[in-house]
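To begin, one chain is listed below as structure tokens, in the form predicted on its own.
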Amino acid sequence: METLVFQKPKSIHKDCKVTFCPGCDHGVAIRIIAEVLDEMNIADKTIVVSSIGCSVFLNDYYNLDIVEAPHGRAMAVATGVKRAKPDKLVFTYQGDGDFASIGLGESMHAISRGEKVTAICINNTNYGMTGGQMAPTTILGQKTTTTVNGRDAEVQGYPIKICEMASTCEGAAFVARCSLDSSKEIENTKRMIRKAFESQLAGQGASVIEILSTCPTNWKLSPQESHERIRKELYPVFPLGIYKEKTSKQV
């Protein structure tokens, strides 16, 4: 007798095909977000804001209302959507370059204002879609197409730490960094996403989920080696955990 062990989330198109590079974790992130929406039964009241980068393909995956934002402007667009539709759950899906480079101003000011939206930032330490250039999160020593000898603090400065920075904002209600490098961490990431959505629905302020993710194509590593790199090289620079969590009494 066959036992059903997995079913595609209803929030994902039935006929969608994965178009990301082999070993990329974007597919996992998209799936677990959809699972959370289904489990919370809020898909029909959700609006997603995607931006430029690998997130530009979200329309091919999600069976949800989606707004496409210009490069780096996802949090600004999300602010407008949430203020126009305050009864909706609004979240952005962005890369680290989009969120913390060209969109750093929009991102930080929205968080500082306490806009009741959730930012989900996929951190793969490079510009994955456009050829693997250095991103604001590229770690010291990492070789990219624009740091062929490795990122040098004297030349390119230090990597931006998204959660540490976001957690300093008074408008931030829930800030957490998680990863997709193992089954255990995938389950933990799913719990953090749920907490962020619950915080938004409770009207507590802005929430930020930073997710450490692979980019095997530009890292020039196998999927297994890419997950090992996250554990060995990224964990020390970007420690996992909850960086800020407001309680209902603090709102």
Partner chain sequence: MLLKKGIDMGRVVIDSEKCKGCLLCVDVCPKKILKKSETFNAKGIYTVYADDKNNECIGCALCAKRCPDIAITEVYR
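Residue numbers count along the first chain shown, from 1. Since we're looking at a predicted model, the values are computed, not measured.
This next part talks about the form predicted in complex with its partner chain, which is not shown.
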> Does S183 reach its partner chain in the predicted complex, with heavy atoms at most 4.5 Å apart?
Replying inline: yes
>> Would you classify P22 as touching its partner chain in the predicted complex, given a 4.5 Å non-hydrogen atom cut-off?
In response: yes
> Are any of the heavy atoms in V18 no more than 4.5 Å from a heavy atom of its partner chain in the predicted complex?
Replying inline: yes
>> I'd like to know whether E187 contacts its partner chain in the predicted complex, with contact meaning heavy atoms within 4.5 angstroms.
In response: yes
> Which of the residues spanning 198-232 lie within 4.5 Å of its partner chain in the predicted complex, based on heavy atoms?
Replying inline: P223, Q224, H227
